[in-house]
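Below sits a lone chain in structure tokens, taken as the form predicted alone.
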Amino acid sequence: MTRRSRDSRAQGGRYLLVLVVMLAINFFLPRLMPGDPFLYLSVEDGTVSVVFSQQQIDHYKAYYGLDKPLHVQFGGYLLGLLRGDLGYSIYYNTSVTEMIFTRLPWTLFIVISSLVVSSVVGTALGAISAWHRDGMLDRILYAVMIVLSEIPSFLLGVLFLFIFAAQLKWFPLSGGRTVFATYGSVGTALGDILHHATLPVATLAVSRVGGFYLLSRNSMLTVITKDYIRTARAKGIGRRAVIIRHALKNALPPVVARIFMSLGGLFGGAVLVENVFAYPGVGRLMREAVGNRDYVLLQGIFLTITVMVLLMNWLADIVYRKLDPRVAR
């Protein structure tokens, strides 16, 4: 067995161990919340009503298997996952898989869009800042990016909502598309969706651009001190060509790895941002599931996010090895 095969198996084992641990956390964490789903199903305006009798609550707990010991419930949960069954939502009485895949495209759209914008803008500004190191432009960009990096995404969302939606009325206050709207063409429908997604995407992008800027700047500062950069400049190659062909190309591997690894943090930010803008994604669905103590739905959402984060980390490792052969060796 080659060293690369051993490393691949060891890495696969680590990812499998993380997945097993996260499955346990996904299962037990919702059950640590106070109350139970059937009590919260009977709550109206903060007051417990008599919609369900104790006999009915006992019946539903038995129906969903919530009257069994936790280890028995966990075993049933794992068996369901092996069959590809995420279960049925307690509150909505709908397939969890169907609910998640209905909301997931909305979240993926704003997450991927913001990731593209923040990575491109942050990398470009970082390269420019590094090339003008210690100059006025570098100092201004550095100060601005440090400030943006410290502002929470939900606070940025509230500011954008207040300024651009409530005051200037440039964008809608909430939602993913206009309610009850009829579209004459696909282009009109897409334009409406993009109009509603602009502020959530901008919020996530601005909250993440500072990280890409700092990483790109530091990587570029390391690269531009190399001998081949000085040689390229001595040959009379233009500044733009030196930056793009030589410096930026060799400074990109850590930035590319950061793009994949940022997905997990962006999902976390999307949970907050979607609730600020009432955007119909997985983050808003998660808040509804928490409010209703819907254990089954929460398990499905947590598992979906966990699998996507692990997948992105795995892809980041593969891409980083391809871009930088020294890591593979």
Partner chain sequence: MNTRTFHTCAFLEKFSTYGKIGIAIIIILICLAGYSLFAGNDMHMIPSGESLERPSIAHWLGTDDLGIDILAQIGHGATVSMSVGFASAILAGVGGSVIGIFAGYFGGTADKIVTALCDIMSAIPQLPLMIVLGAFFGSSTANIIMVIAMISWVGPARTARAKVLSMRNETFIVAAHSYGAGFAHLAYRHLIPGIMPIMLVSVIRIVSHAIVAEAGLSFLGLGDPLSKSWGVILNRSLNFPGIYFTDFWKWWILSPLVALMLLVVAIAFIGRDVERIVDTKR
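For the two forms, the rigid core is made up of the largest set of C-alpha atoms that agree within 1.5 Å on superposition. Residue numbers count along the first chain shown, from 1. Keep in mind that what you see is a predicted model, and the values were worked out from it rather than measured.
One more form of this protein should be noted, the form predicted together with the partner chain, which is absent from this view; the next part is about it.
Colleague: May I ask you to choose, among 191, 152, 80, 175, the residue with a heavy atom within 4.5 Å of the partner chain in the predicted bound form?
Modeller: It is 152.
Colleague: Just to confirm, with a 4.5 Å cut-off on non-hydrogen atoms, which of 112, 124, 147, 72 contacts the partner chain in the predicted bound form?
Modeller: The residue from 112, 124, 147, 72 that makes the contact is 147.
Colleague: Among the candidate stretches 95-103, 139-147, 116-124, 81-89, which one is within 4.5 Å of the partner chain in the predicted bound form when only heavy atoms are counted?
Modeller: Heavy atoms within 4.5 Å of the partner chain in the predicted bound form occur in 139-147.
Colleague: Even though the partner isn't displayed, in the predicted bound form is residue 309 close enough to the partner chain, meaning a heavy atom within 4.5 Å?
Modeller: It does: once the partner chain is placed as it appears in the predicted bound form, residue 309 has a heavy atom within 4.5 Å of it.
Colleague: Can you check whether residue 30 is within 4.5 Å of the partner chain in the predicted bound form, heavy atom basis?
Modeller: Yes, residue 30 lies within 4.5 Å of the partner chain in the predicted bound form.
Colleague: With the partner left out of view, is residue 279 within 4.5 angstroms of the partner chain in the predicted bound form by any non-hydrogen atom?
Modeller: Flag for residue 279 set to no.
Colleague: I'd like to know whether residue 57 contacts the partner chain in the predicted bound form, with contact meaning heavy atoms within 4.5 angstroms.
Modeller: No, no contact at 4.5 Å.
Colleague: Any residue of 292-309 with a heavy atom within 4.5 Å of the partner chain in the predicted bound form counts; write them all down in order.
Modeller: Residues within 4.5 Å: 295, 298, 299, 302, 305, 306, 309.
Colleague: Honestly, after the rigid core fit, is residue 27 moving at least 2 Å at Cα between the shown form and the other one?
Modeller: Yes, the C-alpha position differs by at least 2 Å between the shown form and the other one.
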